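Below you will find one chain, with nothing else, as structure tokens; this is the form predicted on its own, and questions on how it binds or moves follow later.
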């Protein structure tokens, strides 16, 4: 018997308040691997499904430090080591003149780290996602709200999770296959 593996269970809601209540209750029940899909931003939904902190600030900080050190070292290497030119008796390591380029490279590299960090953390680009297999999911871009609890969640049990999603006043519960 060749069975398609289950990605998770998805509950459909007709309004954002019901989705928000369902997401909060799911988090309170112990579900941690879940995602919500809405046609517009819903305030408080990210916190309700457990997205409290991201690694983006650390990634941007690391990128900024790399840009700062790299920009300063690039100018230091050129001015002091590789091609030293004594202009008017000034010191070769004239760090105040290095500040503009160092600042610009700090901002540039931090911004690039932010962009690629966001893409990596959000697993983008993602031309295919298992939720696209569900026919009703087309309504997520129009007028329906969905909460998907993934099968990789430690608390996931097909029947118990289905009963739970039905108990949070959803319009329907659907199985999402890979």
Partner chain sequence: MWDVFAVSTYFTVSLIFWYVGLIPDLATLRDRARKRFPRFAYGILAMGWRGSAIHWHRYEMAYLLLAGLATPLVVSVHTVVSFDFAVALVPGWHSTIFPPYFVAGAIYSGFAMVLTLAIPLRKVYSLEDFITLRHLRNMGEVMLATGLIVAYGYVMETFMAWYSGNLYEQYMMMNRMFGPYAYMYWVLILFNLLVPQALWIRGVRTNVPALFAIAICVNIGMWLERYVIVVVSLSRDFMPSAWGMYSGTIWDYAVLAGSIGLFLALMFLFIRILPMISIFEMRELVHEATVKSE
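Being a predicted model, the structure only gives us computed values, none of them experimental. Numbering follows the first chain given and starts at 1.
One more form of this protein exists, namely the form predicted together with the partner chain; it is left out here, but the text below deals with it.
Novice: Is there a heavy atom of residue 103 lying 4.5 Å or less from a heavy atom of the partner chain in the model of the complex?
Specialist: Heavy-atom contact with the partner chain at 4.5 Å: present for residue 103.
Novice: If we define contact as a non-hydrogen atom of the residue within 4.5 angstroms of the partner, is residue 69 a contact of the partner chain in the model of the complex?
Specialist: Heavy-atom contact with the partner chain at 4.5 Å: absent for residue 69.
Novice: So, residue 86 and the partner chain: in the model of the complex, are they within 4.5 Å at any heavy atom pair?
Specialist: Judged by the heavy-atom cut-off of 4.5 Å, residue 86 is well away from the partner chain in the model of the complex.
Novice: Flag residue 29 as yes or no: does it have a non-hydrogen atom within 4.5 angstroms of any non-hydrogen atom of the partner chain in the model of the complex?
Specialist: Judged by the heavy-atom cut-off of 4.5 Å, residue 29 is well away from the partner chain in the model of the complex.
Novice: Considering only 30-61, what residues come within 4.5 Å of the partner chain in the model of the complex, judged by heavy atoms?
Specialist: Residues within 4.5 Å: 35, 36, 37, 38, 39, 40, 41, 45, 46, 47, 49, 51, 52, 54, 56, 57, 60.
Novice: Just to spell it out: taking the C-alpha atom of residue 154 and the C-alpha atom of residue 54, is that distance smaller or larger in the model of the complex than in the structure shown here, given it changes by 3 Å or more?
Specialist: Relative to this form, farther apart in the model of the complex.
Novice: If the CA atoms of residue 154 and residue 58 move by 3 Å or more in the model of the complex, do they move toward each other or away, so closer or farther than here?
Specialist: Farther apart, which means the C-alphas of residue 154 and residue 58 are at least 3 Å more distant in the model of the complex.
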